[in-house]
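There is one chain below, alone, in structure tokens, taken in the form predicted on its own.
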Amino acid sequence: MHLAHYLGLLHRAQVNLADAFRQVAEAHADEPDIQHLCQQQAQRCDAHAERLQPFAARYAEEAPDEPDRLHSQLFTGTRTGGLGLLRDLQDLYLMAAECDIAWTVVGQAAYGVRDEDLLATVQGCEGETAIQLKWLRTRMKQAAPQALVVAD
């Protein structure tokens, strides 16, 4: 069974996304909404990672070592200025999209193994990840005209 592989991928993706949200909050502290909402989203990612713990423990004994290729590095640090904010938000969006599709895959596996507890966790967290994606998309739309049209 390879479910543990994706649980590990999803857990690591959530931890990395939380860290990236915190870095963006700090780097763009001059944008009050960014600072506050990125910190809030980081806490949400931490909660998602914590909710995965019991399932990782449950399925880990059946898993070989996780292949390195299952994990990608999407965020390499923050940038400055309006264009930097836009690019940082785009990086966060890509990382959240990675989590979103991983929730989908794990949810399908939960159906397959008939794990109602895992399915309930996936459904709750997947919905919150969708909200993160919507907020990031909306905030990028807000930042784009200033960053792309107005000179620094």
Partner chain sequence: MVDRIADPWGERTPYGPGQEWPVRVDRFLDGDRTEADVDRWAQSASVLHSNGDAMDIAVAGGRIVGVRGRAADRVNRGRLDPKDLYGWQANHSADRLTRPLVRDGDRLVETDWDTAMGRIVARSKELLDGPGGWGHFGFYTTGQLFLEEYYALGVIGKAGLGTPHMDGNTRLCTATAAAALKASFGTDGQPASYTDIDHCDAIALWGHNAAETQTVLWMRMLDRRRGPNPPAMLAVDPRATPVAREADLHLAVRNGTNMALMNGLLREIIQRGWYDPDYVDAHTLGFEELCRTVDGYPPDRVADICDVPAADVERAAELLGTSRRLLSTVLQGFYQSNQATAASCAVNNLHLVRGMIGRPGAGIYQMNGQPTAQNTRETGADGDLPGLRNWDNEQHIAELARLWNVEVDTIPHWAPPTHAMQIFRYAEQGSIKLLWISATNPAVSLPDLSRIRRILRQPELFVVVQDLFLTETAELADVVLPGATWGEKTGTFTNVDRTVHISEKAVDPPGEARADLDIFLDYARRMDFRDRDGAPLIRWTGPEEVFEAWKECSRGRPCDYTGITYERLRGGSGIQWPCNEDHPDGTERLYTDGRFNTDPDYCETYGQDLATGAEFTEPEYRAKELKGRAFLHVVDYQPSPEVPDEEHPMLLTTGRTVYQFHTRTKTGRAPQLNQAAPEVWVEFNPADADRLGIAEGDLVGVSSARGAIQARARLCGIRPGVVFLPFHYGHFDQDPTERTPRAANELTITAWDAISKQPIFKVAAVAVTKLADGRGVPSPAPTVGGSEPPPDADVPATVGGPAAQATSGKE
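Not measured: the values here are computed from a predicted model. Positions refer to the first chain, counted from 1.
From this point on, the text means the form predicted in complex with the partner chain, which you will not see here.
Participant: Tell me, please, which stretch of 111 to 119, 24 to 32, 93 to 101, 49 to 57 lies within 4.5 angstroms of the partner chain in the predicted complex when heavy atoms are compared?
Facilitator: Stretch 24 to 32 is the one.
Participant: Any chance V15 has a heavy atom within 4.5 Å of the partner chain in the predicted complex?
Facilitator: Contact with the partner chain, no.
Participant: Taking heavy atoms and a 4.5 Å cut-off, does R139 contact the partner chain in the predicted complex?
Facilitator: Yes, R139 sits close enough to the partner chain in the predicted complex that at least one of its heavy atoms falls within 4.5 Å.
Participant: Within 4.5 Å, heavy atoms only: does H36 come near the partner chain in the predicted complex?
Facilitator: Output for H36 is yes: heavy atoms within 4.5 Å of the partner chain.
Participant: Taking heavy atoms and a 4.5 Å cut-off, does A143 contact the partner chain in the predicted complex?
Facilitator: It does: once the partner chain is placed as it appears in the predicted complex, A143 has a heavy atom within 4.5 Å of it.
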